[in-house]
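Encoded as structure tokens, the following chain is the form predicted on its own, with no partner shown.
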């Protein structure tokens, strides 16, 4: 094939998209519909709890028109990082929604399932062989950390998608996946240059975020040719510019020109962005450098305790002027009452919105506002302990005396009753490491399922 057209309906399955945009995209006669369904952006809790970032209702609402459109046109619908985290339970969760839609629409579908869950014993064995290395700022790994890890997934590259495409499925539901793969897979199957294919996937996986006005709740069409690709938003009210597409090329990257991923590095040093018409940008010069030693990224999480949260407001200017000292004094009071706070088994985190809650010590704006929003997070070994420490701290802060205090009532405005929220289990990434592998395909089993009529 000399040209492959990929329709990306949105930046995340469940975020919504205009039906008119989908109609416009289908008019371009795409060869596949590709959509991302997960991310680690929301932190480790989705993987730990087996939940997603969007509801079942939203996922089904977005998925149904895509399934119908792909089935009518006999093109594959490719879904990556299913259900938020890409864990096996979320692949099955997505399959359950597909089954429901197939039943409602009287459809017969061939579905390829690709699982990315890793056996902890295999991970330990590879660790002992010295085959694991930290990614970025991830701390060194130990066997104890692996033993504490409750769920591990590996981020797959193109290999399992190419294997699935050989079996001509109507839908591919993939586990944890490198974002550009869903777009690039069909092009790679047809022998096209992986540089432009992966770069186009990098742009399309976020929907219309590379357009202006930018949004993940709308889509783009990508047109891949021998030595370049074109990107254009599906919505006539949006445009792609050289600046918007180039800017999105820098999105979620640790290096401006190099983007490492499964199988190699996308080198964008020589990229050029050209305005073809008012709404379309052509990209040339993308180059893919295969890695000499095959590696796969592992993501694993462990439970770090339970969380309780307090939300409050403060408007007294005297309190606001002294708030740093007052919060430290109250934290010391909690430490004097709870041994777990003194020993570090329980942790308190204050955020003062309106002062420095976002930037912390890096904040350069020194003026104080007339009011601040106060958020207290407590993390402890049990939910009961977290709730107890949070309630104690709220009470101490509510009635804390300070220089210039006039009232004898509370210092805090509490918008909710009860003022504390039991937020449940807290997870942290315990594994964020690359593992050397001989055959990446061996890690990701592909399972074909026939669903619909006669099932």
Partner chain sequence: MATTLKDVARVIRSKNAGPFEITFDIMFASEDEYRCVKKSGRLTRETVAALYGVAVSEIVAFVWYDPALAVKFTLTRPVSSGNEGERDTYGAQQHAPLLSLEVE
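Only a predicted model underlies this, so the values are computations on that prediction, with no experimental measurement involved. Positions refer to the first chain, counted from 1.
Not pictured, yet referred to below: the form predicted in complex with its partner chain.
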4.5 angstroms heavy atom contact with its partner chain in the model of the complex for residue 358: yes
Is residue 349 part of the interface with its partner chain in the model of the complex - any heavy atom within 4.5 Å? yes
Might residue 290 be said to contact its partner chain in the model of the complex, defining contact as any heavy atom within 4.5 Å? no
Give a yes or no for residue 41: in the model of the complex, does one of its heavy atoms lie within 4.5 Å of a heavy atom belonging to its partner chain? yes
Please identify, from 229-237, 371-379, 98-106, 146-154, the stretch that has a heavy atom within 4.5 Å of its partner chain in the model of the complex. 371-379
Any chance 137, 252 and 255 all have a heavy atom within 4.5 Å of its partner chain in the model of the complex? yes
Listed residue (282, 307, 279, 323) with a non-hydrogen atom within 4.5 angstroms of its partner chain in the model of the complex: 307
Would you kindly say which of 395, 28, 422, 428 lies with a heavy atom within 4.5 Å of its partner chain in the model of the complex? 428
Need the contact residues for 45-73: heavy atom within 4.5 Å of its partner chain in the model of the complex, sequence order, or none if there are none. 46
